[in-house]
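The chain that follows stands alone, in the form predicted on its own, written as structure tokens.
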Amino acid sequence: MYRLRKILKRTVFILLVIFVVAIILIPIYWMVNTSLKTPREVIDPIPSFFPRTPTLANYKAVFKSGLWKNFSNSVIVAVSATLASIILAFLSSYALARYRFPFHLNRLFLIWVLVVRILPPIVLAVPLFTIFNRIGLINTLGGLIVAFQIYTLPYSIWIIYGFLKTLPKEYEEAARIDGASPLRVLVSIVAPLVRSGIIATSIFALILAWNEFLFALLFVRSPRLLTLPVVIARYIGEYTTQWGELMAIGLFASLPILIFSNVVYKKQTEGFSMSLK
């Protein structure tokens, strides 16, 4: 009876895992399937699970439209915004976690940061546009990097702050007794101890910056500076949607994040295993 119950639990668990994996992979498969179809087959009322006449025409059309330039813009903006937010969040979170401020200003700052993150981005778009227009950051990648901090910086501060609050102060005190400077303590002691938190935060911050659409649409006018989310939206028209090309560029835009997350996850897992040894 016990063995039968154990087999039943294992079977239910395996079926549940298969169900969850299927839910995750079916949309990706359908993107690949649609991207390999001709326009006539895409709009066929009877959907086919395999392309009848596979073609790479959708991918060729996407790459001929200057996709590599838009891809490089997204990489530059997303990576730069992530690095900036991680550095600023690490420094500010350390100050908030380790130093006492009068009138509980550290708590007020954390609440204010959270409020900024909760506010709809469109509320901040108009004042930001006015400020950026006066200082010459409109239609520049640098302006997008600064604007994206509204998405990435509050999130990064709260996550890294949580990791730093749980970090014992004894490690830093021991380093100071040995004569380490405050900068050395931050770089050599604190940063390695919260490395897993920084890596996890950087993944989510990169996803936020990579997928950002509103500010990229409002603050950039030149076609050569457009990022991928804005370009993807142009394949959806008022009367027609280019489904094949839309799936092709959507699949291409998803791959960098999937590859980055997988590589970082493996490196982080290797780091944990080495530390255990």
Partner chain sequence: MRNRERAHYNSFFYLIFAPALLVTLFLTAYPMATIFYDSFFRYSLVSNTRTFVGFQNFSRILREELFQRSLVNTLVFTLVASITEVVLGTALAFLFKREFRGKRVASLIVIFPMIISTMVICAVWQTFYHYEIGIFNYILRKWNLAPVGWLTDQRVALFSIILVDIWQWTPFAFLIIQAGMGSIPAEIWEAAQIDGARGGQIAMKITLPILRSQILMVLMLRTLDTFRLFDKVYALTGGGPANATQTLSFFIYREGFKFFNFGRASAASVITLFGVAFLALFYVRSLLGEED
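Rigid core (definition): largest C-alpha set, two forms, superposition within 1.5 Å. Please read all numbers here as calculations on a predicted model, not as lab measurements. Numbering follows the first chain given and starts at 1.
Same protein, other form: the form predicted in complex with the partner chain, not shown, and the subject of what follows.
The stretch from 71 to 79, 159 to 167, 188 to 196, 88 to 96 that comes within 4.5 Å of the partner chain in the predicted bound form, counting heavy atoms only, is 88 to 96. In the predicted bound form, at least one heavy atom of residue 121 sits within 4.5 Å of the partner chain.
Mapping the unseen interface onto this chain, residue 141 falls outside it, with no heavy atom inside 4.5 Å of the partner chain in the predicted bound form. Contact between residue 50 and the partner chain in the predicted bound form is not found at the 4.5 Å heavy atom cutoff. The partner chain is not shown here, but in the predicted bound form it comes within 4.5 Å of a heavy atom of residue 125. The partner is absent here; in the predicted bound form, the one residue of 42, 36, 220, 62 having a heavy atom within 4.5 Å of the partner chain is 42. The contact residue chosen from 175, 83, 200, 207 relative to the partner chain in the predicted bound form is 207, the criterion being a non-hydrogen atom within 4.5 angstroms. Contact annotation for 22 to 40: residues with any non-hydrogen atom within 4.5 angstroms of the partner chain in the predicted bound form are 23, 24, 25, 26, 27, 28, 30, 31, listed in sequence order. The rigid-core alignment places the CA of residue 56 less than 2 Å apart between this form and the one not shown. With the core held fixed, residue 39 shows a CA shift of 2 Å or greater between this form and the one not shown. Residue 213: CA moves less than 2 Å between this form and the one not shown after rigid-core fitting.
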